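Presented as structure tokens, the chain that follows is alone, the form predicted on its own.
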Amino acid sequence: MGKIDKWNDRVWNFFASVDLAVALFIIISIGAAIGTVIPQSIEPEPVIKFFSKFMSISSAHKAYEIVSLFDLNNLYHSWWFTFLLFMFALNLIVCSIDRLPSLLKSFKTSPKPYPLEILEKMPIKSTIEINNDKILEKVKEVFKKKGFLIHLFETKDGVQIQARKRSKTRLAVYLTHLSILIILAGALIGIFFGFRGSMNIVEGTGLNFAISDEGKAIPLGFEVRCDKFEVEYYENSGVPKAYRSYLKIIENGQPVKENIVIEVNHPFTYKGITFYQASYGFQPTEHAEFRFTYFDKKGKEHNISAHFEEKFKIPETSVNAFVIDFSPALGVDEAGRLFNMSTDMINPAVLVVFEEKGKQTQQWILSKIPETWETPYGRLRFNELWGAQFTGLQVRQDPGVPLIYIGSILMCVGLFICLFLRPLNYFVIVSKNKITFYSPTSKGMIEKQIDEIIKETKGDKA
């Protein structure tokens, strides 16, 4: 039975060790840093592409094999990272259980006078010579005025005063422990009960599911429809300035949320699921529409929509027209030849064929070049190819976020108390002709406070 008790003590002391807490914290921090650097993706392409920036393709493939072996590309869902979080939580719980009872007991224990040998070993000591029969009452008055709880003891060295203030703020460290446990609980809830995925929604269409990082379809319980997607570019540049999606939420065939605009750093949350603007792309479909505005001779505007090679009538004329070619970014080389600069909608253009009395003419119309809108049949502005772009949304549901917020607030409160509301303990020996102040707290502000107390004791102005 003695051996079992000894073994139990060893196990308990291991989990109550501060060294274990420090080691786990360092390993978890390193792991989190690795997860920030290495792309978190089940698919090999993003990871291999990342490593190919620093090494050859063959080496990048070998690096991916190592990363995949240790789940570094899915770190926050890996068994070993979850195990480390569990061990860290267990360590905090055991540490708290091991030390908290003795701290609570100290609050109820009546104070006893400290031997002079112990007081002399304290880091702060200050002595003043004074002859005043009422000095004891003066010292007590100064400490009480500053909110200290005092205890007096008659000793062979004189009257020992123990002045204590904010003793119970020592519990703040356990508030910090509790906050860490709440944050870890929130993180684990997010790992096991939440999800992260993506959606690519073409303009004019909707999806009621997301694709997880593991490649599985996740039903949302409602449909997300993209009414429109637009990109703003810097002037005379193909660099996107901003891109945004205009969304609608549909449930049971009826819109429940409309006119939703999300863009980078401006997500939208519905039923605990948050949608982030992440990417975009060009993907024309059969339902895509070329949209024009025609200005007649009276200046009246006419909106026109047509599909590819679908004929449409030029208002108030006998002319028919249809689109036979499209470029998302039409450019002109040095020889005057047209070419596609990019797959992004930087400078979209359409090649329109005009038919009048059996004769056909054709003309490129560029949406951003007004000079190209002039045709023999009037001014025809090309607005957009609607339904040709898709918005890439990151989708995330994390039911542990409220706990993480609560834990973060409690941690801030606990750290504030630990740093700025530390317990103050002073020990004063009052004898016939001198007073000696002691404090176990390290030097700094305590010395200044002792100087202030000494000045007030002597009757000087602070």
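What you are looking at is a predicted structure, and each value in this text was computed from that prediction instead of being measured. We number the residues from 1 along the sequence you see. Superpose the two forms; the largest set of C-alphas matching within 1.5 Å is the rigid core.
Form predicted in complex with protoporphyrin IX containing FE (HEM): not shown, discussed below.
Proximity to protoporphyrin IX containing FE (HEM) in the model of the complex holds for none of T293, K368 and T375, with the criterion being a heavy atom within 4.5 Å. For protoporphyrin IX containing FE (HEM) in the model of the complex, the listed stretch (394-402, 44-52, 29-37, 418-426) containing residues with heavy atoms inside 4.5 Å is 418-426. Within this chain, H287 is remote from the site of protoporphyrin IX containing FE (HEM) in the model of the complex, having no heavy atom within 4.5 Å. Protoporphyrin IX containing FE (HEM) is not shown here, but in the model of the complex it comes within 4.5 Å of a heavy atom of F88. Using a 4.5 angstroms threshold between heavy atoms, V11 stays clear of protoporphyrin IX containing FE (HEM) in the model of the complex. Contact annotation for F195: none of its heavy atoms lies within 4.5 Å of protoporphyrin IX containing FE (HEM) in the model of the complex.
Taking a 4.5 Å heavy atom cutoff to protoporphyrin IX containing FE (HEM) in the model of the complex, the contact residue among S327, Q277, T176, Q160 is T176.
Interface residue among K140, R99, H77, H302, judged by heavy atoms within 4.5 Å of protoporphyrin IX containing FE (HEM) in the model of the complex: R99.
Superposed on the core, the two forms differ at S179: its CA moves 2 Å or more between the shown form and the other one.
E289: CA moves less than 2 Å between the shown form and the other one after rigid-core fitting.
With the core superposed, E355 shows a C-alpha displacement below 2 Å between the shown form and the other one.
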